[in-house]
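Just one chain is shown here, as structure tokens, and it is the form predicted alone.
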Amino acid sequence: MSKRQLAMAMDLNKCIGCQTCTIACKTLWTRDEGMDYMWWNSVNTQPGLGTPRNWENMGGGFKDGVAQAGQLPTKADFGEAWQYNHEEVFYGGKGQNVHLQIQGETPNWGPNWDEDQGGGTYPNSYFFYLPRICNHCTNPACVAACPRKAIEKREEDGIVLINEDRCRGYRFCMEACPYKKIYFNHSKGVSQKCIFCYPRIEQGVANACARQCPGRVRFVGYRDDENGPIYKLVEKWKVAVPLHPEYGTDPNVFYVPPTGPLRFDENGNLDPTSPRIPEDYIRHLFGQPGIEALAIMLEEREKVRKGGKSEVLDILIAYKWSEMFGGFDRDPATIEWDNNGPINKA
């Protein structure tokens, strides 16, 4: 057991699907050989098949306390990275005559393949964006599945890490993870995944995906910090809930479910009594706590409309970005690095 647990909460009512978080993670952590197809942070459109394709039906996790062997996602399920003719278009002197096009075999899936498709029918079609990282679970299925003991939770903060020196590439962890957020580096022969930006965390800096988010979607902090945003959103107000809690891993990434717009009735008028995003779909993703979280949000919204105050809405609006990160608000520009790591400035 870890002494404390770091966590993240994301407000799905604010995510605009801009992928800034995705690129922040990509440019920082997954630029090495064998990592071209890896997106430790992904933002997919819901309803949708996501990445890896159809991950919600690949199994894993625990059932009645017993570990379940899930499906091993392939590189094609994630969506292999493809190349474009950049050299020809931008540097070959043919820019007026040729256009960007995929080189090699035409792909049939990618990490954001079904962007903005969503569900429902006109005029009540709907979609929302779902950012995902490793959940750094309290009861990680990947840890239980690894025979090499190459995956462990850090005692000081609960971050789940893969020891690549111990990993032998069996990929049982990929089968076991019900969220399918572990990747296999075919060049190095080891599994790799989100590390919750622990080198930044150790220097008091929030995760790259959270710090770079222009929509102020992501909150970071310790679950037991009663003055921090995570405790207030998850424990006090109970508006942030885990994704697919039925897998039994006790994830530490939480979501404020999307309220969505109102439906149109048969006369084309807005129907304030009926949500456009079906309750059954919210329940599918977050269980009954997702429905209860939405009810709390709507109550608080109505309170404010009547002139009252709402602590939880003030937190989610995030007037001050520095209050979103539970003390991890240090400016990374104040950290000096050398080949051995960070050199702290006074």
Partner chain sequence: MKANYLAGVDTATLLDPKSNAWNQPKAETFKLMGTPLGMQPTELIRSSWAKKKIGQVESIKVQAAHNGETIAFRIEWATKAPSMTNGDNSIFPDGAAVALPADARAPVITMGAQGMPINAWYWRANDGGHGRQLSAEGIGTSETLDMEFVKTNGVYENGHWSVVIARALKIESKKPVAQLEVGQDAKFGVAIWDGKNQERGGIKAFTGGAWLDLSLEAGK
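Model, not experiment: these values are computed from the prediction. Positions refer to the first chain, counted from 1.
If you look for the form predicted together with the partner chain, you will not find it shown, but the lines that follow are about it.
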Discussion item. Counting any heavy atom within 4.5 Å as contact, can you tell me which stretch out of 230-238, 262-270, 172-180, 94-102 lines the partner chain in the predicted bound form?
Written reply: 172-180
Worksheet item: Are any of the heavy atoms in Arg216 no more than 4.5 Å from a heavy atom of the partner chain in the predicted bound form?
Response: no
Discussion item. Can you work out whether Ala67 and the partner chain are in contact in the predicted bound form, taking contact to mean some heavy atom pair no more than 4.5 Å apart?
Written reply: yes
Item to complete: Find out whether any non-hydrogen atom of Pro123 is located within 4.5 angstroms of the partner chain in the predicted bound form, and reply yes or no.
Response: no
Discussion item. So, Thr74 and the partner chain: in the predicted bound form, are they within 4.5 Å at any heavy atom pair?
Written reply: yes
Discussion item. Is it true that Arg31, Met38 and His86, all three, sit within 4.5 Å of the partner chain in the predicted bound form, judged by heavy atoms?
Written reply: no
Discussion item. If the cut-off is 4.5 angstroms on heavy atoms, which of these, Ile162, Cys146, Leu243, Val205, is the one near the partner chain in the predicted bound form?
Written reply: Cys146
Worksheet item: Which residues in 182-197 have a heavy atom within 4.5 Å of the partner chain in the predicted bound form?
Response: Phe184, His186
